[in-house]
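The chain below stands alone and is given as C-alpha cells, in the form predicted alone.
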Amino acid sequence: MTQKFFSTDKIAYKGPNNTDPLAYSHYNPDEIVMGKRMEEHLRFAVAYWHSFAWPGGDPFGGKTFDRPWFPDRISDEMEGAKLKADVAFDMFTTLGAPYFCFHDADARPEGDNFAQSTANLNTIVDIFEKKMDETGVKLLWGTANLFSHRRFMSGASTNPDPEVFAYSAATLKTCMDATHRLNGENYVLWGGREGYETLLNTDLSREMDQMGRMLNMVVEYKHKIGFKGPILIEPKPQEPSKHQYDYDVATVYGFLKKYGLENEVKLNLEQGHAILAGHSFEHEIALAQALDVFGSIDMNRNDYQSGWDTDQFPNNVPEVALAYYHILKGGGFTSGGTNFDSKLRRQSIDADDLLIGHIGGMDVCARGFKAAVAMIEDGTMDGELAKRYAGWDSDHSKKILDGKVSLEQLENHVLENDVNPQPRSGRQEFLENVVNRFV
C-alpha cells in the first residue's frame, strides 16, 4: 500500500470522559472482567464485506463510496483485491480487532469460470495467511457468497437446476478449505436466497430435502478434513425472498432435527435478522441457548422506521446488555464472537468513518457487556427467576417432569389436597426497573 488510507495508526482507550472520536471511551481490551480480559470475552471481528466490498448503494441509487481498490478505480482486479487486503489488515490492527470474517466474493474477483475464481481465492488466501502471521489477527469464520451472482437467483442448494447445486457445493468446499487453512474458528452458512418468492413455482418438500442434503455434505466434509470448529447457520426470515427456510432459531432447529443435524450444527445469530423475524435479539439468543445450538453473533441493528435489513452499527446499550446477559448466562462465547456485520450509511464517505463506526460499536458492546456482568453479579434477576419457579423444585413436581405421574394421579392430588392455586404477580415492571439500574 503506497498511500495510507486512515489518518491514524492505533485506536487507544482513553476512558469514559474521552471526546476524541478516534479513541475508545468504554472498550478497554485489557480490563479484567469475570476473570478474563474484555477482549477475550467479546472476541470482536470486522466483517470484510460491508467494510471493504460494499460500495454504498441502495435500492434507489448506486455507489457513493470511492475506494482505491474498487474496479472502476483500478484496472487489474487482482491488484485491487490485494490493495483491499492491505487496507483491511491495516484497519484490523488499527482498531486492535482480534478477528475478521469474510465471504469468498468479498476477497477475490469473480473469474471467467469456477477454476479461475478458485485460483483467485487461493491467491488472496496466501496473502491473508501471511498477514495473519505478521499481525496476529485471526479468522473468526469464513463463508461462501451463494446469493449475489445471477446464477443463484433461484437459490443455491434449493435451486431447481442440479448443476447450480453442484456449483454451489464446489464453492462451499473451496471456502471450507480456505477457512480450514486459515485456522478459522467456525464456518458459517447463510442462504441469502434459500427460500421462495412464490409458491406457484416452488416445491417446498423438494427444496428442503435438497438443502438438508447439502448441509449433510458440508458436515461430512468438515469431519473428513478434520475441521474442528462448528458449522454455523445464520437465520434470516426474508429479504430478498418472501420466505426463507432458515427463518429464525425455532425454524432452523426444526430443520436440523428433521435432517439429523441437531448435534452437528449451531447458529450464528444476527440482531437485525431477529428483528425482521418479529423477535428480540435476546429471545433468539436465549432460545438458542435453551436448545443447545448457540454459536456466535453478528452485532448490528435495524432502523425501526424501515422494514428491511439496514445493518447499522449498534448504538442501543439496553438492547446490547440484554443480549450479552443471555450469552453470559449460557457460559459466554467458546468458538464464537461478536462480528460487526454492520455498514456505514451511504453518506458516510470518509475513510475514518469506517474506524468511527467500529469504535462506536465496540464501545456500545463494552458498555452493554459490563452492564450484563453487573446484573449477573448483583443476583437480583436470578433470585427472582428462582422464586418464580421454586414450586418445581419439590419432589412431587420433579416426578411430574420425570414422567412418573399420570393425569389421574394429578387429579387425585388436586382433590385430596384441595388444591386451589391463586395467581401470583410476574413482577415485570420491577424486573424492568432492575435492568434499568445497570443500563
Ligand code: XUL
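So that there is no doubt, residue numbering starts at 1 and follows the sequence shown. Predicted model, so just to flag it, every value in this text is computed and none were measured.
There is another form of this protein, the form predicted together with this ligand, and it is not shown here; the text below is about that form.
- In the predicted bound form, H103 approaches this ligand with a heavy atom inside 4.5 Å.
- Residue contact with this ligand in the predicted bound form: E194 places no heavy atom within 4.5 Å of it.
- When this ligand is considered in the predicted bound form, K236 lines it closely, a heavy atom lying within 4.5 Å.
- Taking the partner from the other structure, this ligand in the predicted bound form has a heavy atom within 4.5 Å of a heavy atom of D341.
- This chain is displayed without this ligand, yet in the predicted bound form the stretch 139-147 from 344-352, 277-285, 139-147, 322-330 comes within 4.5 Å of it by heavy atoms.
- Contact annotation: of the candidates E207, D363, D248, D309, the single residue with a non-hydrogen atom within 4.5 angstroms of this ligand in the predicted bound form is D309.
- Exactly one listed residue, out of W190, Y253, F92, F128, brings a non-hydrogen atom to within 4.5 Å of this ligand in the predicted bound form: W190.
- Using a 4.5 Å cut-off on any heavy atom, none of the residues of 242-259 reaches this ligand in the predicted bound form.
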